[in-house]
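As a starting point, one isolated chain is supplied in structure tokens, in the form predicted alone.
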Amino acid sequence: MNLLNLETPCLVLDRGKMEKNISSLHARMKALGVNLRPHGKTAKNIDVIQIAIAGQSGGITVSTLKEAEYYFGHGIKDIVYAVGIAPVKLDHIANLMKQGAAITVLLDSVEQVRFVAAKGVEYGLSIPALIELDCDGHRSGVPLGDSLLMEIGRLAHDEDGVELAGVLTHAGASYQCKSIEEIRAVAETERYVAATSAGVLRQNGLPCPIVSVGSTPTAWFAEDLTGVTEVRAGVFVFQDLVMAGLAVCDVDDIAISVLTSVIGHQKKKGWVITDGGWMALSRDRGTAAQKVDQGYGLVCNVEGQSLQNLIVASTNQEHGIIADRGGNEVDWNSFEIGSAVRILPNHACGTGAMYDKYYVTDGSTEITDVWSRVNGW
């Protein structure tokens, strides 16, 4: 099989780039002395995750129960479900645990402790739970110094049906940083909030075996992880244009791309029309707030070499419009009708979610394998 013979749009994975990305973060985590718990939400594929967990002592992270069920079905038992728990999901979790899965849930309220405990008692289980911490005001969690930490911790420790497993935080604000120095500062805040909160629990006689932090930017630029037991990251396996804009990677490190076909020209407007619209690329515009706005994706030739001045400037549902970012004339001979181009994504997770499989290459246009993805919730 060859990329030139595929029906477009479709998702392409450069295995060599992916393996390099994974080995780079593995080396960094080893140097910092912590376990890497890869997040399965980016890859949604067992082949990628098996490479990502090789040599690590812990399990994986997921963001959907579909992922949890899929990875458990492929032999991975140690799973952190890193989204605040809702009652309607607990029967699913309990049934997976009854089959042998070791699933840890996330909570940041007394109400959650109570309904998790009740479900655990109902099924004869003790469901492990991490207290989610808010380290940067980005999303959910208990702020540092809030008495709610001890209230949740004490209840989770004392109630039957639930087990206090530790604390978890996510430095989502790292994605909005403007410099490496800012990311390092966010990483230190992330570490400090998690380690300090763990200390509060322990000082009050409560267990806190797990101290979990993570995002791809902070995983890459953290300088000290004292007090942390594990780091979670997901995008690192593929990287994307947002990560490149944060200096986490180079554009040439991005391992996934969308193969599209040229279906038209609007020469007076300087547009190349492709069949890769927002249904193929996603609507993510994560680079819009960065120094270099990559539109809906950066254009590459079919071999995967980036054409730095060409971006997908706008999209419709099934149409992508390629244009020169500086308004310069397009080399129309390089974009003949029917030819193929590849688009690097702003956000690997969002773009990947559009597809059910990867066409795996060895860096050329030859396809070496086809790997399935699991989607849905």
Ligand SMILES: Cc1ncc(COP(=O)(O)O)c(C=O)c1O
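Numbering starts at 1 and follows the sequence shown. Here the structure is a predicted model, which means the values were calculated and not measured.
FYI, the form predicted together with the ligand isn't displayed, but the following is about it.
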Exactly one of Lys41, Lys66, Arg325, Arg28 has a non-hydrogen atom within 4.5 Å of the ligand in the predicted bound form; which residue is it? Lys41
Which of these residues, Val262, Val235, Cys177, Ala165, gets a heavy atom within 4.5 Å of the ligand in the predicted bound form? Val235
Val116 within 4.5 Å of the ligand in the predicted bound form, heavy atoms: no
Please check if Gly297 has a heavy atom lying within 4.5 Å of any heavy atom of the ligand in the predicted bound form. no
Quick one: is Ala82 in contact with the ligand in the predicted bound form, heavy atoms, 4.5 Å cut-off? yes
Would Lys267 sit within 4.5 Å of the ligand in the predicted bound form, counting heavy atoms only? no
Per contact check vs the ligand in the predicted bound form (non-hydrogen atom within 4.5 angstroms), the hit among 281-289, 68-76, 227-235, 196-204 is 227-235
What residues, if any, in 124-148 have a non-hydrogen atom within 4.5 angstroms of the ligand in the predicted bound form? Arg139
